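A single chain comes next, written as structure tokens; it is the form predicted alone.
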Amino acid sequence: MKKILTIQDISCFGKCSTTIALPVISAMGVETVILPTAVLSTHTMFKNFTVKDLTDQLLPIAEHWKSEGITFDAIYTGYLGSAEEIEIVKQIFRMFKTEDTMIFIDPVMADNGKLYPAFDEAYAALNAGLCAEADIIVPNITEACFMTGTEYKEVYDEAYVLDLLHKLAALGAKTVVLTGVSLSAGKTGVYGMYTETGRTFYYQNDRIDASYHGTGDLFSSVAVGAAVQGMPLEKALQIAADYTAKTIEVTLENPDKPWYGVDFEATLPELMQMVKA
């Protein structure tokens, strides 16, 4: 059985970060090891949430694993809350990275042209440095712009996307993938590039007019869970995109209207079918 280490926070209520990664990747038949950077009562879209920072526990936990001879087939990072955490994650990469270890980075820090309130451009530059050590990175367009010093545009063409991909490739990751790319009305998807060859690929599905917290975490978790098991990356990304869209559709039909996250629990059986197909 393959084994993935995921490094990100835990929002106890709200369905994002580790509370998506752990059940989704596990359901895909992959042992999922968690390294929580912080514990929050809810995700940050709620008011008055509590938070316990765990930065000082990251290296002691990793060092214990190392002493026990524990290894990982992939290391998957999501939201990292500080510059210190980014530097510690680099150390963890060095501790566990082998020729066979996939480094998968979702540089969660921005959306819709703006950085999240806790971050600044210096943080974005540090995230760019972290991405240099990855096999696969999956930023959205806003994150890619901040990491490459590119002007953000809400309306763009394929030439703009390709320019962003080349700039991301220059950071050093082996494969760069832009998420949330829309090149035609009513469509969205991914556009990627293999850095060594320059070959590009893209996949588009129907855009759903709804926004939920945690959908990026859902996409990344499915993608890394499929890829670590040997599925071709382009197929893994296609499944991740389609499954995320399907889960949003199902959530929209929920009469309870759970605004805080998507009903991925209801769609896990469909994910299993997608992966086996």
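Values in this document were obtained by computation on a predicted structure and should not be read as measured data. Sequential numbering from 1, following the sequence displayed.
Separately, the form predicted in complex with a small molecule exists; it is not shown, and the next lines address it.
Stretch 35-43 is the answer when you ask which of 221-229, 35-43, 52-60, 239-247 has residues with heavy atoms within 4.5 Å of the small molecule in the predicted complex. For the options 160, 152, 116, 201, the one in contact with the small molecule in the predicted complex, meaning a heavy atom within 4.5 Å, is 116. Among the residues 123, 72, 191, 79, the one placing a heavy atom within 4.5 Å of the small molecule in the predicted complex is 79. In the predicted complex, none of the heavy atoms of residue 262 sits within 4.5 Å of a heavy atom of the small molecule.
In the predicted complex, at least one heavy atom of residue 108 sits within 4.5 Å of the small molecule. Taking the partner from elsewhere, residue 16 is found to have a heavy atom lying within 4.5 Å of the small molecule in the predicted complex.
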